[in-house]
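Each of the two blocks below gives one form of the same protein chain as structure tokens; they are labelled structure 1 and structure 2.
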Structure 1
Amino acid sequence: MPTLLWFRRDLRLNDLPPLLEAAADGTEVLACFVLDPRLETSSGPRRLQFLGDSLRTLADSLDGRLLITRGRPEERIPLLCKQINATDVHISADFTPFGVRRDAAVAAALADSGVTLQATGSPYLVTPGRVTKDDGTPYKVFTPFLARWRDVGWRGPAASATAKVNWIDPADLSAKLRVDAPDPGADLDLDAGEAAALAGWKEFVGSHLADYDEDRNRPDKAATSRMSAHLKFGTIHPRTMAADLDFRAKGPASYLRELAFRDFYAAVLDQWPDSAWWNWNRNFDAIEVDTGPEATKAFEAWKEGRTGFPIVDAGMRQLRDSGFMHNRVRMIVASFLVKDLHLPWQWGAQWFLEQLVDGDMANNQHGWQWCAGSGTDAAPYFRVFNPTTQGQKFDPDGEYIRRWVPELAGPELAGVDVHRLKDGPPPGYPEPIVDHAAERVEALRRYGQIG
């Protein structure tokens, strides 16, 4: 009874125990990844590169016995089932609204075929929906969620891949079904694949975890784990990471809290799928946002890192030039878009999702809603980040700015001076596009109007 294993993302093989542990010896399994053509047009090149690289390493780990195919999953999967006479389809679980819709479409397409379909391999420590209050309702605030989340707990990582199944060689299938993993030729500052993820994690644990609580907000330091893209594409499992954390110490406890945030936002999206693109708090629908030609111009300056605010521009250029941005800087540039430029948070969220290699629907959208004040557990609306003092505080020597904004890397702007261009902008660097003090007042006025 052959099985079709559909990787919606590159989950670790040893995190697929439902299949690998329950399968009878010698079960024939075809591992496949269905590449939706539109995925290739709506993702930035670095995102696509990381996906392609991840797929190639997954294929390597399966000795090439991974079928990469193209088309709509609800069309491809039934076709593949016929090709190999599959009786079961296992899908790597996905809790995004898109994933849920896709599962339904595939299930509908398989309805009359007698093929069973099941989701497997939750990419979270605690699967969305499992952390609830005593009355069964979902948490809307992170801190109480965190306490209950710890109590629910999770199992350890699977010991090893029990590869007693026979992987079907895709070379035996029609050549028409096979395509290459995307390879747009983009430069990445992070290696894809399970081995690279694990090596990076061990390096972080050994060298930076102890200082994580203190240094995690410092974009000038290599103080964070850089696991976000690996978590997004499943090349590492949070269970593997959590097993290395001694929660009694400050650094590990602080890191675990971030993993809990990831689970929290996944649970929020699962509970309220519309919060991906609409205000979770619908009171915010009434807020006044700018959308005209002037707004488009400001949005372009923000995207290109030409706002005249050094920390904002450094972050936006890091994003565009590397596909990553330090989390503290994400908050600063988001606050700037929402509260200084008065643009809809969705504009920023979309740009992030497209450009970030780690762009994840739940984390990204709710992170933006947090900044906009419209989300669960949102930042108080009156908290308007001052981009200059944020920069001074978290990049005290200006090293981060000099790394990403070459116009500000000259010797005349030593150390912290790079945050306040008191002699005006150097050649090639723009004047500030807004007056922060004035826009802060304007933002408070708009927020005040919706009560």
Structure 2
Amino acid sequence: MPTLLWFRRDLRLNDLPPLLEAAADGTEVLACFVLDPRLETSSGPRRLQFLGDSLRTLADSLDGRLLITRGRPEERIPLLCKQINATDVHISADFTPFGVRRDAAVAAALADSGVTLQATGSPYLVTPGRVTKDDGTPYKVFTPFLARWRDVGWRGPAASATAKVNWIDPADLSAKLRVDAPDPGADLDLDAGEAAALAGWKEFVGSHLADYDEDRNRPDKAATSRMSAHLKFGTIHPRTMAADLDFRAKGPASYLRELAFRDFYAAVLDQWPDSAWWNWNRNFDAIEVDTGPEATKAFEAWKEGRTGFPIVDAGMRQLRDSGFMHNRVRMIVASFLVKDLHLPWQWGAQWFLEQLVDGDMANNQHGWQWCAGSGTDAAPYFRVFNPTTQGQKFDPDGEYIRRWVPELAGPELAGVDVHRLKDGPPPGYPEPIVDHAAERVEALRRYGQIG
């Protein structure tokens, strides 16, 4: 009987275990993607553009044999199964709170007609739930998780099966089922799709991986892989990447550690799904935060990159103008929001999800909670990033700042320390909206109140 291959966060054809399962024994396979209106409305235009571009490249790789349909999956997937008389639907497992609820609803709907939903593999090197302590409980701290994660290990890349698959042509199905991939017209600074992911990874391995440990915190350098969006949408699997990492060298070992962090946060969110929007450490529910009109005004200045702190403003404008932000700068701007402006971390996390091409629920929410001090393995509450010294350390010549803040890039500022602006801001650039030293003291007071 025919099978259905339901693409989600795995928009590729290589290293894809559910494809191998769907196509076993020469079974005919219908490839499909369901545009869920709930996810469409929660995605910013750039993330939706990256999704649409990835779907178009996937469809091209399948010679057009990808059915894109719109609707609630628990309605559309059973309908597609009925159209082709499928008895099985194959997927990569999803461990986000939304994904778990969605898949349970789809499985229940399919069960009514005798169809099974079969999950094979996941978007992670090590699937959430596999890395546990000896007593079976989950890890709450990254370092011991990392050691056990290495011991558990992972398989090599899955074999390719695309040449042997008997794809069902969606043109044979009702035209009412089909819609085009989203195309909101947003500009991207990163090509989407599997071919682009593989090419980008190859270029990074050849040119930047060896120096990654030393250069990864430098936003003024093109030293990172830019694989985060590709990992978000599964246009490449981390197994494919790990196969190129010689863990004995510092650069590859440092990169592998970042992949482990990705797995760790996915495992944390899977174990504690409420931590998507609530403090993982519920003691932090008692912390004093600002939410009134002045707080809203400060939040708008932060979003617009007009705080008067150059490294913060550069990061926020990079986010606004490109849908991406360097990871070190993400930590700086997050610390500024929660510890200088005293705003709820959820405000910043929501804005990031709206703007980021690589917006990932587990990474984003728990990265924010790390900065806020409320998450697992969180930064100590007394660690308050000084945005000026952070900028001087990681953007020493101010190249990153000048790239994204044109008010600080004029020839009259050549040779000026753009981190401190001792003679005051130039025309058009704001004064600092807060006194960092004073707000650090205030942040420590508030954190001290919750014990």
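Only the largest set of C-alpha atoms that superpose within 1.5 Å between the two forms is called the rigid core. Numbering runs along the sequence of structure 1, starting at 1. This one's a predicted model, so the numbers in the text were calculated from it and none came from an experiment.
I want to make sure I have the labels right. Is the form predicted on its own structure 1, or is it structure 2?
Only structure 2 matches the form predicted on its own.
Any chance you could measure the C-alpha shift of T41 between structures 1 and 2 with the core superposed, in Å?
C-alpha displacement of T41 between structures 1 and 2: 2.5 Å.
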